[in-house]
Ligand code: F6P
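Single chain ahead, written as structure tokens, the form predicted on its own.
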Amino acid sequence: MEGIAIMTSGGDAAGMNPAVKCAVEYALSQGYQPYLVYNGLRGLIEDHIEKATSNAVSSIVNRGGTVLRSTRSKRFFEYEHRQKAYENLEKHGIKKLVVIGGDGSFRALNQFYTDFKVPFAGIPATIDNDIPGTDYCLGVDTALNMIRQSVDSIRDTANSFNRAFVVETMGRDCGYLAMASAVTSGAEICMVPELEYNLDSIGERLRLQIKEGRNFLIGIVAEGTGMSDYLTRWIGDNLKMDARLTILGHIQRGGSPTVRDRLMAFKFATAAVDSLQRGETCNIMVYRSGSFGTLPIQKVADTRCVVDPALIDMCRPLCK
């Protein structure tokens, strides 16, 4: 039986475990011998590779994070260590790879293919939702629900004490989480890298609302703006409202995968194995405009991620 290895790499995201489970079970059904690579790229180098069975993944579908664990390995970017990883795969009879992760992981495996011609299929998994070419990445829906639950709880205490709360979300240079959360949680302010903001006009708008009886405020800020602390102080100084900052941090990464993340994981994993069966070498699974497909790694790596313009338009009133 030809070996196919499944691994997770980069930041963890809910949905990785369901994808691992489906990839193993579907690979078995297609006549492959699946293997599990533990500890990401480091696991390839250090031979943390084990044969997989259906029983080995039978109880992971509801678990957040990744049971395979993940590391970011600088060593993998040195040829001698990639060669060691290749020798480990050869030893196990592994001829194909499924990697569940972000664009950095895909680039690493693309270099690996250039060196040793081991084809891979990539499954997009990052809560930032910032992989070009796909509208959706595993972990996004679970992260949004974690944020929604947190903001709903914060609103309760904000209303009780006549306070303003600024909530910082993850997202690096992508404001998707902040924008989607601001719109769906009814926030009064949203600050993201994709949109310019005007604190003078925001102040005028909110002072009028306070005069009309508003007694609390919610602001959602993407970490990439670096504005969380400043906005919190600005609200206190200019709106004369007690303001507190809540940084959600890594709580956004955790939690049992939502139904959507589980379904998307299964569909991505099936598509990844099918892609390798068709003889495709370095393709990324994508979901665009309601349909699943694939894109070559070059089109993903050389393209800038753009947030849905409709979502950006919905957030504009919260920035001015």
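This one's a predicted model, so the numbers in the text were calculated from it and none came from an experiment. Each residue number is its position in the shown sequence, starting from 1.
Keep in mind that the form predicted in complex with 6-O-phosphono-beta-D-fructofuranose is missing from the display, and what follows is about it.
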Seminar exercise, completed: The listed residue (V140, A164, C190, M170) that reaches within 4.5 Å of 6-O-phosphono-beta-D-fructofuranose in the predicted complex by any heavy atom is M170
Seminar exercise, completed: Checked R207, R72, K84, K95 for heavy atoms within 4.5 Å of 6-O-phosphono-beta-D-fructofuranose in the predicted complex; positive is R72
Exercise. Which among 180-188, 245-253, 226-234, 150-158 is in contact with 6-O-phosphono-beta-D-fructofuranose in the predicted complex, heavy atoms within 4.5 angstroms?
Worked result: 245-253
For this session: State yes or no: in the predicted complex, is some non-hydrogen atom of I127 no more than 4.5 angstroms from a non-hydrogen atom of 6-O-phosphono-beta-D-fructofuranose?
Result: yes
